[in-house]
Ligand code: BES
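Taking the form predicted alone, here's one chain by itself in structure tokens.
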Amino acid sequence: MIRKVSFSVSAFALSLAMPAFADLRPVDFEKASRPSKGFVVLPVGRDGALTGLAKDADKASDGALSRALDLAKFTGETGQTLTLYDAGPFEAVLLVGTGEGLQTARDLRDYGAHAASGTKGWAKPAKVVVPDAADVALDATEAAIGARLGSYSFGKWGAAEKDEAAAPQALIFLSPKAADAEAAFRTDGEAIRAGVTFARDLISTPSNIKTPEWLALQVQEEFAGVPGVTVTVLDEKQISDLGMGALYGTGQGSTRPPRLVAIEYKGGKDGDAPIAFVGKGITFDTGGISIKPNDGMWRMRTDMSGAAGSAGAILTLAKREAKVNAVAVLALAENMPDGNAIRPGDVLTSMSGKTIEVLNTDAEGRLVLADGLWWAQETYQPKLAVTIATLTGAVVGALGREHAGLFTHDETLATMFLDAGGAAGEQLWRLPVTEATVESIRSDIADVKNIAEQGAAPGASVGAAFIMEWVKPETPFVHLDIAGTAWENAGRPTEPKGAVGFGVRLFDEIARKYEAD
């Protein structure tokens, strides 16, 4: 939980309590049996089909449920819901469509999220009948994870704490393997919830609070005492002394200096190289001297979503005691346009010694990642390095908000990440980096320039090509551009409107693949 903060802004002091966070929906588990009264959630197949325990519940209601489905013309399409009250012996029934049947963990998580949202405000705990998914061992565990993720709310600043009497009622998931489902949920499920919630909280925090220093402090506090985790924070002097001119230069226009944060988790074998997640952490992005238009600039508080997802992933791995070594490197800066800010046409020298002609100060995420990625490789010699960033508007134009952009020259890694994204419910789509794209960022006065000339190459691929300049030949590498997937405008079942925390679930899936080796 993010804490109360107090600090000075300009000539006045600002003290703000964090929002009164909405309680996540409590969950419990019971051995599966026929629901016969009270509050229940039932799955309904295509054309209103009731099977298994849902069919038994209909018998207990003397057919009241099936008659209501016919009258409401409820088709049972996936995600469709219908609420009935005083239906036979049941005080309330939520019917949730499952279409042709649920197949994956993602399907079950969506089902659980629909159960949570559809029963919000119910006066008593509700028993949830969980449909079987062919490829999932513990269906109820996945549904419960979805309920927890889907009931997230950041809350409102200055809101009073909730009355305990108004706390949400529990969802009780029915499973033939209730004990196993609960054990898996209390470890893996709650670990995923913790990582996603931490990332969403960080992303949602306003940027007058969320300075690079503040974000580094939140990481230190969140991971204090967590077994196997070491947090390292480099301040602006250390960043400068290490020659990180790209990271330092990005933040030099702000009164709030940059930070580099490393969260190292050791759960694998001693000496085994870690997986490195390197996240863009621009705590607010005006565009600098190349200032952005006003429309939607408020959302630039989310420009550190890559760093938040990386930090959240390490929290998940640590909470579930993953048998893998991993590190998150957060490159944190605020991009502001004052008299000290870098200008278009300036040349910066990165930690590697490679020089950068800055043609556009609004292409700053790739600058901080260049130094963050190089430092991660120098410090940890990772077995895999992944950069994750809200990097380009171009990737949104190419892929919309359903998929993040995936860039890699490694076919095996491409397949691994595409599969992991599907399993986690964080979809990826592979995009190219060609020789022509690489040539488009060659500079006349430096080694590279941070953008291509207008129209010379696709923007998302240019950003990836730039970052790849800092990948060592021996380092397996993937870049993720999450500009379209970091913030949810309308809301999805497990991703309420607002910050998504994209990357936490994906990176957990990637870690599991390395654990299995």
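Please read these numbers as outputs of a predicted model, since none were measured by experiment. Numbers for residues come from their place in the sequence shown, where the first is 1.
There is also a form predicted together with the ligand; it is not shown, and the following applies to it.
Highlighted residues 209, 256 and 334: none comes within 4.5 Å of the ligand in the predicted complex, counting any heavy atom. Residue contact with the ligand in the predicted complex: residue 107 places no heavy atom within 4.5 Å of it. Within 4.5 Å of some heavy atom of the ligand in the predicted complex lies at least one heavy atom of residue 292. Contact check for residue 392: a heavy atom falls within 4.5 Å of the ligand in the predicted complex. For the chain shown alone, residue 32 is not a contact residue for the ligand in the predicted complex, no non-hydrogen atom being within 4.5 angstroms. Among the residues 363, 87, 94, 348, the one placing a heavy atom within 4.5 Å of the ligand in the predicted complex is 363. 300 is the sole member of 300, 436, 170, 446 with a non-hydrogen atom lying within 4.5 angstroms of the ligand in the predicted complex. Heavy atoms within 4.5 Å of the ligand in the predicted complex belong, among the stretches 354-362, 373-381, 197-205, 116-124, to residues of 354-362. The partner is not shown here, but in the predicted complex the stretch 258-283 reaches within 4.5 angstroms of the ligand through a heavy atom at 280 alone.
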